[in-house]
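Single chain ahead, written as structure tokens, the form predicted alone.
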């Protein structure tokens, strides 16, 4: 339906317009009855609906309607499967239509800077490319049903401690390369109906009143078309926020902030046109939903099956020594650990879903006809070593052919609202796992956790299955993986460090007023690779019950320019005896030496399904951005000329094939020459290279023997050629006068000539 939104806004009073810019209550937007504008509802969340009836709250104290809990982002990202995330989004969009929800508050794409962040289970990855691609797929699925999404939390919201006031101190390059790209990709590829700004300050300015963030970057550079809403209670100064680009405040302020807007318009400190624009943005999205309302029914059972399928595609087989998995129905199997009976499958806080059904591994094993013995061993809700329960578990473990221990983090260990203080499992679990390994070497550990945990028993366990928080159908998915009904194909969307102190943010995480992101762009695998550090399991890692070989890597050109695209292809063969899926990961490494960059960065991925013996060619396209880094002098992306390596592998540390290409870029870094510019800087820039060579030649002559003469032996020992070269490269231009290479006037003329080139 064609509507004249501007005309509708012109009919509204100042009070009505100000009212449209805040919530009616906790979950509803205001309507204007006299103009026929109805109130619409928004609701969490990113992995299933949390629509609350009657009294509402933000953190889930009051019950919401029965719904399906799909695998949270921590697991679904491990699918590395865009189509699967689109399917998940479509299902959630249909559920939203069935329950009359105009906007689903998700996905959450904040980068996993530290494994301690209490909300990591809602976030996709440590890698911005993966997070952005998965988010865009999910958004496209939800919005295919004419239901909006609200990508969050914009931006640099990477801890829970003091999240409503702490300032994330992040340099521009790090923002552009790590913390903003997931939002940028989602906006450009999926155009979410809304963006939710974060609580925190960014370099001192609240995200809710940051014009650079909400207007210059989001709308001006990326072309965002929807409205910006606040996180619940994230508004600091309502009028400043409106001017910056914050259209909607959530929840209701009880009229307090509406009055501030009204008074600001009346006293002239706020241009009413700014208010009109915000209302137009809100109404455009409201009517996009209302004009496309469709009849949908809740299909909870079929959505439960989809949730199971997503979990199966995402669970990561971390270790499978001696092919201990898959299990056989003829083996004597013992399940140990309370999570086998009562799985932990979602996190606490605003995304907590009231599930209509929950499957446990124990129940699903029985339903499938598998005979297992069970011992609790340890509780799921506290860290207490119970002697009797442990003794029973050890007895059962010793007599079984194989043992599966269901371990994980209690609800109290991680949640929205606070961060973890350590990266350990409960001590009682680590102790019992170690004791079981002493009596039963054929042990598999299944993990239920929202973020990485230290695994002191990692080398002793023959099998490790990372189920993360897998949604309400996780029990059936785990059983199908354990018994080989489904071949695991998940890949880690984050690095699992050996210990907490290995994390690059370890000394700069969790501060209160200002949080300094001193690790810069070296987040996750970018850091561990640069440090050549041992990790428990690398980014992109995940095993299968079959094997894959990579061959015949090639590119459509060996030399390219910064306006070209590069098509890269590789052949993947299933060399095992069962069907399986492999996620082929394409990384780019900058060999130009133009600036300090990570060893390699993920730039594309593709999940491919193969029958035994089958070969498929995977082809991807790398564009200019795939080779670029953000230059703060240019305030733009820059591609240096030189060699780039294309690396293809099964994980960030399992590179199977690589090729090199030559980039001939037309871009040049700016160079303003001054008295303290070094000879080396002149040599490194094509515009000034000849000047640098001439000065270096004069400098070498100054410190060496006159031209045509050899230096004495003692002179050569005192000033080597290497020392001479090094001194010349780091010598500031002012010293050209000091050492008599030129006069002050000649140097000034030279500098002026170089700056005019």
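It should be emphasised that the depicted structure is a prediction, and the values quoted were computed from it without experimental measurement. Residue numbers count along the first chain shown, from 1.
Beyond what is shown, the protein has a form predicted together with a small molecule; the following relates to that form.
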With the partner removed from view, which of 519-527, 226-234, 127-135, 325-333 is the stretch that lies within 4.5 Å of the small molecule in the predicted complex, judged by heavy atom distances? 226-234
Note: exactly one of 196, 588, 116, 91 sits with a heavy atom within 4.5 Å of the small molecule in the predicted complex, namely 196
Tell me, out of 152, 448, 541, 600, which residue has a non-hydrogen atom within 4.5 angstroms of the small molecule in the predicted complex. 152
Wondering, does residue 163 line up within 4.5 Å of the small molecule in the predicted complex on heavy atoms? yes
State yes or no: in the predicted complex, is some non-hydrogen atom of residue 416 no more than 4.5 angstroms from a non-hydrogen atom of the small molecule? yes
Please check if residue 443 has a heavy atom lying within 4.5 Å of any heavy atom of the small molecule in the predicted complex. no
So, in the predicted complex, is residue 30 in contact with the small molecule at a 4.5 angstroms heavy atom limit? no
